[in-house]
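Just the one chain here, the form predicted on its own, laid out as structure tokens.
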Amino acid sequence: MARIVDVDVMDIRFPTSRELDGSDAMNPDPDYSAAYVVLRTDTDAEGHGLAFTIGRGNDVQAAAIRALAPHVVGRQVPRDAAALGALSRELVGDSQLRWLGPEKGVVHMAVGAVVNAAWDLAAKLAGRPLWMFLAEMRPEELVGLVDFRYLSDALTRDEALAILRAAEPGRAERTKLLLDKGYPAYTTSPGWLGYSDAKLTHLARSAVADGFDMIKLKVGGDLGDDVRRMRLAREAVGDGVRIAVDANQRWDVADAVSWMSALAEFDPYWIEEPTSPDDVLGHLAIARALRPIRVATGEHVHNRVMFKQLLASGAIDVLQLDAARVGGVNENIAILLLAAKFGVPVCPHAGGVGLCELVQHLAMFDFVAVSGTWENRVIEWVDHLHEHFTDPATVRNGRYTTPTTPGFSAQLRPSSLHHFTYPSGPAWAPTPGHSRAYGPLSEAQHVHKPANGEEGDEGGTA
């Protein structure tokens, strides 16, 4: 049997703060980064995964992944649900590392990166894209991947099994539909807070021309600016296109209610992360005050237990799971089953480095084998950094193209690994006008922000 012989971890950072791509009210100048892991075997097969960060701290995330290597090196290559479930349980169950969470934060994200890399490896060996590899598993195998501890008061094993069995009869038809049509998407690309009004308007119109029927804007910096930007966006896209807004945790409960009440005239589809992602009661109060405006959250919800509370309390209308925040594929299956139990649509968070590539598989698996629907469901699309992946996510006419290459679509190109390794890669060399490389507490944290109406670059990132 093939074995894992090494866990290779790299600190990969992209200087996205130079153009303010990814900027929002809480994170004004992110450098999109990946603590990138490769599971190397004694064959040619490899498994690739990552934890997404926004710059400083990516080295801390990489160190956490390295700390898990003793659980992985020497292990037989996992090829089926039983082995992948056992790996996940062992990684999560390391009591001394778990103490640093438990089951949250840097260590839990490290678990997710390694677990996802193992799924990438297993799916490649099976000759299937990850979504199909999962969707072809028996309900009993899928349920065996889920840790029901702390969940059974809201979702039992038998209930999860019933959900999966109910979706079995239409799997083949939905697989064909997915391959023929792809999966619905919305785009955040027009809405970064650091973009000028002219750039926002141009990109919003371009999104509609490209087939999107939903866009998203960042809000929460200044109410007057947000009112103006929402008016411009609504005028640019018309009444038939949904506009979601995202506050990135900026507000207290009362602020969220008053701020969104001021934006209500522009018919926002949802408000995302209106307050702390840990504040279940706060989300519930906001939801009660603002409906029919939907409340969405999930990209910073750190485990299945928090999602259980958000769902069971009725605090959210849209669940935004993240492929790299929780403990990998296994825990995200638990979250998908919870969402199906409570009838809440899943609209995954994406963007960043590789999040579009990863999360498309989870949404497509959900469509085929869990919820059986894409009604009121969309995957976020941000057109940044896809060119660095060997199997990049693509969107055509407002829909994700269904991936068919075996694996989890997580593998970065060797040239990109070389160019963007921090701090030695050429992308981090000093540039004209700057005395040293972009990086911790450098000029990247003090870039020029375009004034309103000033034309900016229309592209993605370097």
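In this text, residue numbers run from 1 along the sequence as written. None of these values were measured; they are calculated from a predicted model.
Although not depicted, the form predicted together with another copy of the chain is the subject of the following passage.
Asker: Exactly one stretch in 377-385, 116-124, 278-286, 263-271 has heavy atoms within 4.5 Å of another copy of the chain in the model of the complex; which is it?
Answerer: Going by heavy atoms within 4.5 Å, the stretch is 278-286.
Asker: Flag D153 as yes or no: does it have a non-hydrogen atom within 4.5 angstroms of any non-hydrogen atom of another copy of the chain in the model of the complex?
Answerer: Although another copy of the chain is absent here, D153 would touch it in the model of the complex, with heavy atoms inside 4.5 Å.
Asker: Though only this chain appears here, would K308 touch another copy of the chain in the model of the complex if you measure heavy atom gaps against 4.5 Å?
Answerer: Close contact exists here: in the model of the complex, K308 approaches another copy of the chain to within 4.5 Å, heavy atoms only.
Asker: Though only this chain appears here, would E90 touch another copy of the chain in the model of the complex if you measure heavy atom gaps against 4.5 Å?
Answerer: It does: once another copy of the chain is placed as it appears in the model of the complex, E90 has a heavy atom within 4.5 Å of it.
Asker: Is P70 one of the residues lying within 4.5 Å of another copy of the chain in the model of the complex, judged by heavy atom distances?
Answerer: Taking the distances in the model of the complex, the answer for P70 is yes, it comes within 4.5 Å of another copy of the chain.
Asker: Only one of W192, Y186, W251, F367 has a non-hydrogen atom within 4.5 angstroms of another copy of the chain in the model of the complex; which is it?
Answerer: Filtering the options by heavy-atom distance leaves W251.
Asker: Between the options R234, R165, R171, R98, which residue brings a heavy atom to within 4.5 Å of another copy of the chain in the model of the complex?
Answerer: None of the other options qualify; the answer is R98.
Asker: Enumerate the residues of 54-81 that have a non-hydrogen atom within 4.5 Å of another copy of the chain in the model of the complex, in sequence order, or give none.
Answerer: Heavy-atom contacts within 4.5 Å come from I54, G55, R56, G57, V60, Q61, A63, A64, A67, P70, H71.
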